[in-house]
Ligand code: THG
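There is one chain below, alone, in structure tokens, taken in the form predicted alone.
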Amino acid sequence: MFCVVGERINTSRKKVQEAVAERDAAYIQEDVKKQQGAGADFIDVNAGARIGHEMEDMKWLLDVIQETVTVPLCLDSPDPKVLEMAYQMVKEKPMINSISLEKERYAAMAPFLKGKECKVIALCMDDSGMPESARDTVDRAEKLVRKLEDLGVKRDAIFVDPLVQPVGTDTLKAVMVMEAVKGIRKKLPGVHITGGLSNISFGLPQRKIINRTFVCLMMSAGMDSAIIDPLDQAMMATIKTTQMLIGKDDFCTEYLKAVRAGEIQQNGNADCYPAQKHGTSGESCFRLCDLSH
């Protein structure tokens, strides 16, 4: 099934940073309860925005969050010391966000990951920067997976991030990353593929429409996880519907369950336009309803 990593607990977000600075546990707990209730499989926890406070902020967040929810956590930090502390605190096997092929980052993260029971997000980034082609992305993914397996990380615990780039700066970036996902799925059977989907719409209007359409395409290509806001009900509905349509929901069970729970529903306020009458008054009329919501 599709794995949703909830992205909301990040101190780069103004309200989260304020809540952490003021030690407002109620705000954080309400947010994570909603994320779990909306279907998040992991909750990402990033405390890096308050420079000089990451260790203490992460510790506080983990205490507060784990009092409230049972969903496992995605520990998000480039600092192995912060991750080591956090790893010792978590109650469920976590996800680690993240490692890459950048020499300094890999050298720092590899000793931490060795022997750990966790899932790992592996970014297709190296010292030359973002990948420039689908082939480049797949090559980086292969190198990363080999290196992680050498560290003892099982393949089904690896979540490759092909690095979604904005389509607004290059209209072929969406095609490129979809081809990369197909290549990773073919070359590296057993790995998971994740990423921050909203990067695709950066700088463009009506971003949510772009993101929801893009998730369908990426799932069709082979993506089976995403780092998203699980409180975006339309996005979650799109994911569950797409999962059914690509044959990943036996007997439409999860789709029907979501419909019964009210998580997937046609917008009752869809724009309806009365048809104009044609010919005699005895002719029938019709209504056109916009069902694209």
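All residue numbers refer to positions in the sequence shown, first residue = 1. Please read all numbers here as calculations on a predicted model, not as lab measurements.
Beyond what is shown, the protein has a form predicted in complex with the ligand; the following relates to that form.
For Val138, no non-hydrogen atom is located within 4.5 Å of the ligand in the predicted bound form, even though that partner is not displayed.
The closest non-hydrogen atom of Arg207 lies within 4.5 Å of the ligand in the predicted bound form.
Contact check for Ser198: a heavy atom falls within 4.5 Å of the ligand in the predicted bound form. Remark: Arg23 does not count among the residues lining the ligand in the predicted bound form, judged by a heavy atom distance of 4.5 Å or less. With the ligand left out of view, the stretch that reaches within 4.5 Å of it through heavy atoms in the predicted bound form is, among 181 to 189, 82 to 90, 140 to 148, 119 to 127, 119 to 127. Taken together, the three residues Asp31, Lys34 and Gln265 all stay farther than 4.5 Å from the ligand in the predicted bound form, as judged by their closest heavy atom. Taking a 4.5 Å heavy atom cutoff to the ligand in the predicted bound form, the contacting residues in 1 to 32 are Glu7, Asn10, Ser12, Arg13, Lys14.
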